[in-house]
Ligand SMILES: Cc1cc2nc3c(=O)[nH]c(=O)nc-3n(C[C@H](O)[C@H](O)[C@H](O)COP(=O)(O)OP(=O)(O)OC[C@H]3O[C@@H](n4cnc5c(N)ncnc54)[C@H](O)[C@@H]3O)c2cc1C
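Okay, here we've got a single chain as structure tokens, the form predicted alone, with questions on binding and movement later.
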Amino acid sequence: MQPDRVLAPFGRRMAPITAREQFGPYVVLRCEDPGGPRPQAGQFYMLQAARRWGGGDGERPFLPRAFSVLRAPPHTDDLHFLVEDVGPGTRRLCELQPRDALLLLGPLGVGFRRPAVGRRAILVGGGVGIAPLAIWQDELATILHDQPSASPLALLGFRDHDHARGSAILSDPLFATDDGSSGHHGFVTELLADQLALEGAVEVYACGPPGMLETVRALCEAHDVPAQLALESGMACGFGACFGCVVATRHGYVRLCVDGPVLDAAELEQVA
């Protein structure tokens, strides 16, 4: 039985870019998507620039790139995406300016589920993995507006002070840097370990690099804390046709693009 999800319309859509913001090395692209449904936190889109994307003398990139939605403000057609220049595809996306456009397909995949009654959400993000946690923090603030004691706690990890400027994207986070140039000197999982030792009933939501997610999984297993992990993987199609994003679970292999990207940590032996 498939989990509840928002389904994408068929085909790619043109989404004009309305604004571009810079947070250290991170770029937030805002676009308008009047033809698409509102996504759930944790879902993703396949993105590419509407112009100069592949073709001509073997120019890369050839395929669209998968990006978690950063924000989808209610009562608007806006979508926000967080991008960092780490290769040909992300470099082209980072170059985009207002009046350019994205071609997008989505929303795709399975998003986060709200925490069980009585459990406080702890959001753990590393690098660009903070993206799906921003929209989830927004949604939880709305859901739990009458329960201030249950407001989610955000724990973020970055490489250095420049990358830590991305912490401004979320509300009131605690954050760590690998080199100690800002915030806690160390890994975000150290902040999580401290919170798990202090907190009572919690549920963890995490997105980031595999090493971080494996530590989150192991910590939550040791403390008997439920966790939902948004896994990252290279995706060629986004809708299950290519089997390029297959990961192993305790019950067999799943395709992250249709069965994830959000999976229960308890379903995983480990995060590869």
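Not measured: the values here are computed from a predicted model. We number the residues from 1 along the sequence you see.
Form predicted together with this ligand: not shown, discussed below.
- Among residues of the shown chain, residue 196 is not one whose heavy atoms approach this ligand to within 4.5 Å in the predicted complex.
- Put simply, residue 84 is close to this ligand in the predicted complex: some heavy atom of it is within 4.5 Å.
- Within this chain, residue 235 lines the site of this ligand in the predicted complex, having a heavy atom no more than 4.5 Å away.
- Although the partner is absent from this view, residue 131 contacts this ligand in the predicted complex, with a non-hydrogen atom inside 4.5 angstroms.
- Residues with any non-hydrogen atom within 4.5 angstroms of this ligand in the predicted complex fall in just one of 196-204, 89-97, 113-121, 160-168: 89-97.
- A single residue from the set 49, 231, 247, 28 has any heavy atom within 4.5 angstroms of this ligand in the predicted complex; that residue is 231.
- Residue in contact with this ligand in the predicted complex (any heavy atom within 4.5 Å), chosen from 220, 66, 213, 41: 66.
- Residue 261 is the sole member of 243-263 found to place a heavy atom within 4.5 Å of this ligand in the predicted complex.
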